[in-house]
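Quick heads-up: it's one chain on its own, the form predicted alone, in structure tokens.
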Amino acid sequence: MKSLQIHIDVSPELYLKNPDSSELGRKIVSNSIEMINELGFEAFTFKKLGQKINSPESSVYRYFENKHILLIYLLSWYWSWLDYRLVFATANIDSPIEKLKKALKVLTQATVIDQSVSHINEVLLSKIVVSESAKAYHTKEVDNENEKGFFKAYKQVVQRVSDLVLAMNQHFEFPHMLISTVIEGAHQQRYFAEHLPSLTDVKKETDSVTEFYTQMVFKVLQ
């Protein structure tokens, strides 16, 4: 039985031509994820991407203005996909406690392949989010890009779960700080577990990251 295919919307501000509208565009996106994960963002170029997909470098520029915008596109896709998963995971749950627990699990658990999106490797993309995302917004243009809505998808994820925090404790003063800390911290703990294990307490037999951040959030909200 063929799995249901979903479509993830990304802001039109982030592309010149929608890459999801053609086979070449989808190939550009999927191969750029593989190459950025393999080479790192600094070493990745449109020329190398064109060589890999057997297409002129100029064809990549028809879709994306530059590799910085492509990176933001990839990150926005990831956050829009995560937002979709949050909505799906928390639907039809009445208890604010259980709803927040489900949301925290989505935010902190290890990424697995989503068969409903055939051309995106979510596992590799999540690695890029961890290792390269700061390069998207630690720039001189961040304020201008923020005004254009480049980071809307990430902010939507934080807002959605912040609303769940306030449903638990309407007087809590720092919901956005709490949730953005959870997201960034969970990513770093998984990175540490893979590369610098002495900096973390992750255990292979349990999902220590999700357990830690769930405990932390609920203790803070008590």
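None of these values were measured; they are calculated from a predicted model. Numbers for residues come from their place in the sequence shown, where the first is 1. Basically, rigid core = biggest C-alpha set you can superpose within 1.5 Å across the two forms.
What comes next is about the form predicted together with a further copy of the same chain, which does not appear here.
Handout entry: 4.5 angstroms heavy atom contact with a further copy of the same chain in the model of the complex for Phe151
Key = It does: once a further copy of the same chain is placed as it appears in the model of the complex, Phe151 has a heavy atom within 4.5 Å of it.
Problem - Interface membership of Lys219, a further copy of the same chain in the model of the complex, 4.5 Å heavy atom rule - result: Within the cut-off, so yes.
Problem - 4.5 Å heavy atom contact, Val112 to a further copy of the same chain in the model of the complex - result: Taking the distances in the model of the complex, the answer for Val112 is no, it never comes within 4.5 Å of a further copy of the same chain.
Problem - a further copy of the same chain contact at Leu14 in the model of the complex, heavy atom, 4.5 Å - result: Contact check for Leu14: no, nothing within 4.5 Å of a further copy of the same chain in the model of the complex.
Practice task
Pick the stretch from 25 to 33, 58 to 66, 174 to 182, 45 to 53 whose residues have a heavy atom within 4.5 Å of a further copy of the same chain in the model of the complex.
Solution key: It is 174 to 182 that comes within 4.5 Å of the partner.
Handout entry: Residues of 121 to 152 having any heavy atom within 4.5 Å of a further copy of the same chain in the model of the complex, listed in sequence order
Key = Going through 121 to 152 in order - heavy atoms within 4.5 Å of a further copy of the same chain in the model of the complex - the hits are Val130, Ser131, Glu132, Ala134, Lys135, Tyr137, His138, Thr139, Lys140, Val142, Asp143, Asn146, Phe151.
Handout entry: Large Cα move at Leu199 between this form and the one not shown, threshold 2 Å, rigid core
Key = Yes: Leu199 shifts by at least 2 Å between this form and the one not shown.
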